[in-house]
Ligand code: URA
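First, one chain by itself: the form predicted alone, in structure tokens.
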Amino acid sequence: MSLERLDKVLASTGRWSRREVRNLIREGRVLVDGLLPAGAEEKVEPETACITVDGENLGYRRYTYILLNKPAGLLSATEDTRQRTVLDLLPPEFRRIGLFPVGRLDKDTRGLLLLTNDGALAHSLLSPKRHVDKVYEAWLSAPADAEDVAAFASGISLGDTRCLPAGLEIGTDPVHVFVTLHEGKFHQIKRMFISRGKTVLSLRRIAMGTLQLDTCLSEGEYRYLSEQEIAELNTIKQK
């Protein structure tokens, strides 16, 4: 386990600046395992030490994992000068700790979006070599049929590029379908259906790898991933 400076650990939560952290420590408002630290530069093991600020446990996380039910109308980006992004739905401290969306959903696409500052995990989930499943629910302008299912399974050509084979499951209502992708090309599902003479009227991502959209979250709401969800995602990173 690695030791880190106390001021760095406190600042990494995004709740305080480095200057504010030094003031907290100087004022005696920070305790490490119940004792006053020698100073801001004191080395601590952040994941095992009991660090409190004004009596409140710091609840340190080396990495943060947020499950967001993305509404339509927001960009899957960390910032934009003209339009709102998914980071605007979160408190400011999340922006300060470097959270970013893992992959992107189109502006008008809703549903599951993972935000984290764990770059290694994000790379694993997005790497073309991993072929991590992404499952989408779509409503179409016209009924899907068996020929569409076969076309998706064989890999649809989009201009000068060919998509990997994809899963297409038709719901009880044939305009209600579920698509499983193993890649993420620009506007891929919409373009695939356009090539079949159909328009996607509504699109929502409901799964990414082992992670499922939480139906208890209304659009625009978010929550931390559970320890089990994090462990399941990390099995992808370890492969």
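Residue indices: 1-based, along the sequence shown. Just so it is clear, the structure is predicted and the values come from calculations on it, not from any experiment.
Although not depicted, the form predicted together with uracil (URA) is the subject of the following passage.
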Exercise for review: For the three residues Val132, Leu164 and Thr180, verify that every one has a non-hydrogen atom within 4.5 Å of uracil (URA) in the predicted bound form; reply yes or no.
Suggested key: no
Check your understanding: So in the predicted bound form, does Thr64 come within 4.5 Å of uracil (URA), heavy atom to heavy atom?
Key -> no
Exercise for review: Would you please decide whether Phe152 lies within 4.5 angstroms of uracil (URA) in the predicted bound form, comparing each non-hydrogen atom pair?
Suggested key: no
Practice item. Report yes if any heavy atom of Arg196 sits within 4.5 Å of a heavy atom of uracil (URA) in the predicted bound form; otherwise report no. Key: no
Check your understanding: Does at least one non-hydrogen atom of Leu105 fall within 4.5 angstroms of uracil (URA) in the predicted bound form?
Key -> yes
Point to revise | Proximity to uracil (URA) in the predicted bound form, single hit among Lys43, His176, Arg29, His187 (heavy atom within 4.5 Å) | key: His187
Review point. Tell me which of 50-58, 167-175, 188-196, 209-217 has residues with heavy atoms within 4.5 angstroms of uracil (URA) in the predicted bound form?
Key: 188-196
